[in-house]
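Just one chain is shown here, as structure tokens, and it is the form predicted on its own.
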Amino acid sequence: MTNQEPPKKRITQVDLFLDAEELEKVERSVMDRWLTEGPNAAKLAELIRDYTKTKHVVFAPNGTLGLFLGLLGLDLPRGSEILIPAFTFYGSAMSAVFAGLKPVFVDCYPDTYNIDVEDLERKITPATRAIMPVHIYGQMCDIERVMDVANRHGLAVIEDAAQAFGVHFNGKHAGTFGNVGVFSFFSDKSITMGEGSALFTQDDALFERLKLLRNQGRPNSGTFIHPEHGMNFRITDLQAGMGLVQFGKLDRIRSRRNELWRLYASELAGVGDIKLMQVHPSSDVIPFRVAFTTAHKADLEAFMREENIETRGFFYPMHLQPKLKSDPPVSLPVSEKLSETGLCLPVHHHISDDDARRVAATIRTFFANR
């Protein structure tokens, strides 16, 4: 009989920061017989408005539908162009496609991974009507320069801030710069409701349109006269109750994720060819992942898997997606290079300091053995 080492603890890419508080809040909704959007949602919207200093908040079932709803509210001409970074999640582009718009893809910066403002301005044509900047991996893009471009060219702006709730640029919250901003509360975001999203706007008229669009074309439920077209984009009060508890944890989540970010950065300084994502100096950050690039991505990914550590690759560029390729094809070299070389490390609340040190030590071992 041989002695075998016990398997190493699995370090997962995503885990949930949930406890009895969320369960109690959901149970309260059930006991109160209020499952559809109601008092919890109203309270959560109030807290979000106060925290972000935005004027209006409405909810949608998830981030992709939130972007879709925001674009419907902007009422852009069908077939018009919207500029979107190629380095983003597929939902950004799909929201535009299903809203009847033509995505035109823009490259990104190699250090922050956010939209390249110079390339953005080069891509503007007479058919361009809007910009969708995306705030990547828990920091903000250079949104003030994006807004300058938009204002000079008369373009609408919908901020995809799915990964940036609680993040600010020069002290102003993400999603409050453009005509509308959209946040996601999916399970791997800084705070979660399982699914769900929030839309921000300062525009009274746009807010009224969004309310009608999300509530089947009527200002209030319970009436059967529908003055406008609309669909059902409401959330449940079960979700909102969970969101209330999660909102109360935001400062702890911010603090812990930044502690882990600094620990990873210290432990990985000077290791191999690793280059960590840089944060724009005007943006703060709630790390969505600890993201870096290396020319040895595939081998490192496999080595980490053998050591029971989950990593995650970067987004596959939008302009290379099978249903989004242009003819003739375009080249966006930075987005392509990031996809080829990028890896993410976990930064969720259940990663201990020892876990992070083990992850970093495993990476150091990989490069030492090359």
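Residue positions are given as counts along the sequence shown, with the first one as 1. Treat the numbers as computed from the prediction; the structure is a model and nothing was measured.
The form predicted in complex with a small molecule is left out here; the points below concern that form.
Options 217-225, 160-168, 238-246, 269-277; stretch whose heavy atom lies within 4.5 Å of the small molecule in the predicted bound form: Looking at the other structure, the answer is 160-168.
In the predicted bound form, is there a heavy atom of the small molecule that lies within 4.5 Å of any heavy atom of Gln139, even though the partner is absent here? Answer no; every heavy atom of Gln139 is more than 4.5 Å from the small molecule in the predicted bound form.
Considering only heavy atoms, tell me if Phe177 and the small molecule come within 4.5 Å of each other in the predicted bound form. Phe177 lies outside the contact set for the small molecule.
Determine whether any heavy atom of Thr64 comes within 4.5 Å of a heavy atom of the small molecule in the predicted bound form, and answer yes or no. Output for Thr64 is yes: heavy atoms within 4.5 Å of the small molecule.
So in the predicted bound form, is the small molecule close enough to Trp261 to count as touching (4.5 Å, heavy atoms)? No, Trp261 stays farther than 4.5 Å from the small molecule in the predicted bound form.
Just one of Thr201, Ser190, Ser92, Asn114 has a heavy atom within 4.5 angstroms of the small molecule in the predicted bound form, so which one? By the 4.5 Å criterion, the partner-contacting residue is Ser92.
Can you pick the one in Ile286, Val134, Ile82, Leu120 that has a heavy atom within 4.5 Å of the small molecule in the predicted bound form? Flagged contact: Val134.
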